[in-house]
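Only one chain is included here, represented as structure tokens and corresponding to the form predicted on its own.
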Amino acid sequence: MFRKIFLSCAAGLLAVLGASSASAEDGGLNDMQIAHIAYTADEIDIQYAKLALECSDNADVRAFAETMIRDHTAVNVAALALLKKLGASPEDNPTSQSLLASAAAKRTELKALKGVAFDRAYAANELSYHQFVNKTVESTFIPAAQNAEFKQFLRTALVTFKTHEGHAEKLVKKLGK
């Protein structure tokens, strides 16, 4: 069951983020669209974490969720500060909208689960989410970013998000099958 949940998470994220990767590589996404996608991805992870705090009694899951809220909020605050400094505004786009729609469906799916089933599904989702977002940021968004400060911001945020990926992997293993 865990493998099925993990593969389901991965397939959905691959479809959404694969579309954004193709757009960025084709020159279809500008820095402000990438910024919006990145901000949206952070907000989605914050919402997943809030759901985990509502639904889980597992101390490890709750600690991970609190870290997600703290770190992703900090990244988004810093992102908004950079945008303000640059006099720019993030630009909504179909990829951001698709991410939001997929996340709403995933939250509904997660809400239906209880106990260890929720914990495992949440951890699996976090692992697959960070794997695909990190890959997209590293291989598509950073190379496509035009503004040097924004590109560096993405690199710095990626370090944090790769750490999250490692923590999510440990959580998945700890929760077992």
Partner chain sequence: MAAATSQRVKVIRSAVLVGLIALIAGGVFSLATSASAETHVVEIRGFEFFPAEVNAAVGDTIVWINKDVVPHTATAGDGAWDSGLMETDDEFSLTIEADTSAGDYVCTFHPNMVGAISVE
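Numbering follows the first chain given and starts at 1. Worth saying up front: this structure is predicted, and the values here are computed from it rather than measured.
One more form of this protein should be noted, the form predicted in complex with the partner chain, which is absent from this view; the next part is about it.
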Contact between Arg70 and the partner chain in the predicted complex at 4.5 Å, heavy atoms? yes
Any of the heavy atoms of Ala103 lying within 4.5 Å of the partner chain in the predicted complex? no
Do Lys174 and the partner chain come within 4.5 Å of each other in the predicted complex, heavy atoms counted? no
Should Val75 be classed as touching the partner chain in the predicted complex when contacts are defined as heavy atoms within 4.5 Å? yes
Choose one stretch from 62 to 70, 41 to 49, 141 to 149, 123 to 131: the one whose residues place a heavy atom within 4.5 angstroms of the partner chain in the predicted complex. 62 to 70
Within 4.5 Å of the partner chain in the predicted complex - does that hold for a heavy atom of every one of Arg107, Leu113 and Gly115? no
